[in-house]
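Next up: just one chain, as structure tokens, the form predicted on its own.
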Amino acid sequence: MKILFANHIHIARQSIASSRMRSTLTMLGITIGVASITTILALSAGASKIVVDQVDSLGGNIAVIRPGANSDNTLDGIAKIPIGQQYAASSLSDVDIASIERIEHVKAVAPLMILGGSVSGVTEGSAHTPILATTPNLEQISDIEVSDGQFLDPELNGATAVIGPQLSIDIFGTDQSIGKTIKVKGQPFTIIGILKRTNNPINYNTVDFDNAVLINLANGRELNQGASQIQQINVQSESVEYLGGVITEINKTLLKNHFNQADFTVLSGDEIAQPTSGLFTALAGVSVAIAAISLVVGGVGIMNIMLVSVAERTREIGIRKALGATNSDIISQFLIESLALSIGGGITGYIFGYILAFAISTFLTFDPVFNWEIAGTALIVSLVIGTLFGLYPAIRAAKKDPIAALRQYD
């Protein structure tokens, strides 16, 4: 006779309930593995969402130009992208900036030259921090706010700088440092503005503005010994409707400037979040692969308890076969028990994973993300582990000879 699927579930529930402690310990490995994966994916998605939300909040009329051809999103490709650091040889130049400014429907252009170096007060402390050489348009395009003083102005006499609030505190012990002098790579700059605190080092400009020094592009060239290493050009169109046409013209113009060499990348929308989002995705992938080790350990635990269960229930298997149960019925019975243990551990791990993610996020600048992809990943992982590690014990149970099994006494 065919044993109903509902009976399989009922028997599996009874078997697991009869040895609660053993079943709980068996599920623990799956719980830890799924909890680790859930935590990693939730936090990674939260970090990536920050950049995407920033781009969306700018109104959708922003394009970003970066040197180099568009890279892939594999770990190897992302690892080659020097986020927040100076490119060895940028393909973008002052000629490109001037050409882009002349394109119709371009509202503003802000080049970014990111330099590394030390920054210090004349008599106070010092710090090693990003030095960003740019133009006043960056304030408009990237929606940067000044809490005190003013933003960059090339018309002002002398070398001037705008600094982040945390850098001001680190160097001067206060965020009220307007008028004070700092040395940027040994050169004196007068502070004319303090940026509004963001508490968020993650952004598509790859600059932590709370700890950065912003100087005029001309001063950046001087500090870089006359070289103009442009790591990024931010472009704002007059409206969202014009952005597509502006991007087309940018590509045409830069190809002409670069002798038909596509050694640059023009990004818009969610693409701007790359490579930042891609980096988090790649790091999450590596972390998940490491966390998967605990899943293998949990799977071995399931296989072990199922083999023990088969040995303990040999006579029961013989009775069921004698009453007409087929090999597929026996396999289904033990597979369902294995899946019950795995899915139970997976659900528990998913819940604890998010609890852990929210606990960790209290020390970070972003929250974990809930989405169906993470829930689906937890479910699929549980199903795969339960099936893979439960199949061998189930087949072994089905192969038992009913006569020999009936001779087995408890």
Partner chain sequence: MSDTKTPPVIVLKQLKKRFGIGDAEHYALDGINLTIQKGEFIAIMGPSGCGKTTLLNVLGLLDSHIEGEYELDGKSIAYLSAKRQARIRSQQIGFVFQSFNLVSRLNVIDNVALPLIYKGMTKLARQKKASTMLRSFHLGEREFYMPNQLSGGQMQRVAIARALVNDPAIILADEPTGNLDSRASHIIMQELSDLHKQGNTIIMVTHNPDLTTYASRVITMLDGQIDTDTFRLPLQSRTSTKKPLNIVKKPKASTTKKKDKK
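All values reported here derive from a predicted model rather than from experimental measurement. Positions refer to the first chain, counted from 1.
What comes next is about the form predicted in complex with the partner chain, which is not displayed.
The closest non-hydrogen atom of Arg20 lies beyond 4.5 Å of the partner chain in the predicted complex. At least one heavy atom of Ile11 is located within 4.5 Å of the partner chain in the predicted complex. In the predicted complex, the partner chain sits within 4.5 Å of a heavy atom belonging to Ile319. Put simply, Gly324 is close to the partner chain in the predicted complex: some heavy atom of it is within 4.5 Å. Out of the listed residues Ser328, Ser239, Gln261, Ser126, Ser328 is the one that sits within 4.5 Å of the partner chain in the predicted complex by at least one heavy atom. The contact with the partner chain in the predicted complex, taken as any heavy atom within 4.5 Å, belongs to Arg315 out of Arg221, His105, Arg315, Lys180. With the partner omitted here, the stretch from 159-167, 328-336, 192-200, 132-140 that lies within 4.5 Å of the partner chain by heavy atoms in the predicted complex is 328-336.
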